[in-house]
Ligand code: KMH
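Below you will find one chain, with nothing else, as structure tokens; this is the form predicted on its own, and questions on how it binds or moves follow later.
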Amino acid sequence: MATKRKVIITSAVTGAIHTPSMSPHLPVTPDEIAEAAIGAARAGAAIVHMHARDPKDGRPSQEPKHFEPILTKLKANTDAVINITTGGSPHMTVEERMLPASTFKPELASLNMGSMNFGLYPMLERFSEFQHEWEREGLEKSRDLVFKNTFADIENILTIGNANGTRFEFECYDISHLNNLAHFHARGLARGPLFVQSVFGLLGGIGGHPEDLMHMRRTADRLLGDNYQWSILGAGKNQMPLATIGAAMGSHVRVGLEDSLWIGPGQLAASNAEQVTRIRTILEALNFDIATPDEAREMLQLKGQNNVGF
């Protein structure tokens, strides 16, 4: 009897793209973020991807003091793989963005594989009322913003992570990012099995059309061969359609309120768990098994929950 393929679900709990004013369901405080991640893990997410916010105003934060209560609660209440961002926010320095991952030495951390324009300002056409002025300012400033991830930046993050036994979710927003990843893999700094998170539909990166997904897959196969695990991240309305297409082509999937606030047209998702449940239903209907956290650890060759710094 043939063995069914196991698909890793990642839930990206909160991030820098969306602001608290955009959805009442976006977690902000450390306790809200931890509970959202625990709920996603219970729904079937093997990996929870973590950002933190300043609880005073919901501003994205890379201060370890804002991560520590989240990580402590997660480790005590779930065996999910905890993936800490090194992306943070495009408005932060690389040193700021790397601080939580270097402090807490997680099993997995995200890593953006190239500098890019990062246009969030079209959201100003859909959202006009904001609780905090930083929300409007952040969106407006993205008209003239380069999200800096130079070769030196990437090399520095890889060097620190490798020394800590941290592996990476390589976030590739365009074809050039796959070439950058192949470069670092050839140099021995990006170590396999590579966990390639293909990101679609953000202004400044590759589009959200199925042809874009297929182009990304063909290029990854040509550059990386069979030494990678592939995952799909569709931003906004692209979340469920591209995850479904990708899974049918052999990918893992990422969902969560960091990437999309929606569960259907015009319908806000009530939680990260709701999105995980939706994609899990789709995957199981396609006759795939949902990977457990330990199965994800084995596929990605992670160091284990007992070897982190929190």
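Note that the structure is a prediction, hence the values are computed from the model and not measured. Sequential numbering from 1, following the sequence displayed.
The same protein has a further form, the form predicted in complex with the ligand, not shown here; the description that follows concerns it.
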{"query": "Segment that reaches the ligand in the model of the complex - one of 221-229, 187-195, 74-82, 110-118, heavy atoms within 4.5 Å", "finding": "110-118"}
{"query": "Exercise: Arg53 in contact with the ligand in the model of the complex, heavy atom 4.5 Å", "finding": "no"}
{"query": "The ligand contact at Pro100 in the model of the complex, heavy atom, 4.5 Å", "finding": "no"}
{"query": "The ligand contact at His252 in the model of the complex, heavy atom, 4.5 Å", "finding": "no"}
{"query": "Interface membership of Tyr173, the ligand in the model of the complex, 4.5 Å heavy atom rule", "finding": "yes"}
{"query": "Single option in Ile154, Leu181, Leu202, Leu213 placed near the ligand in the model of the complex, where near means a heavy atom within 4.5 Å", "finding": "Leu202"}
{"query": "The ligand in the model of the complex - contacting residues of 24-49, heavy atom within 4.5 Å", "finding": "His49"}
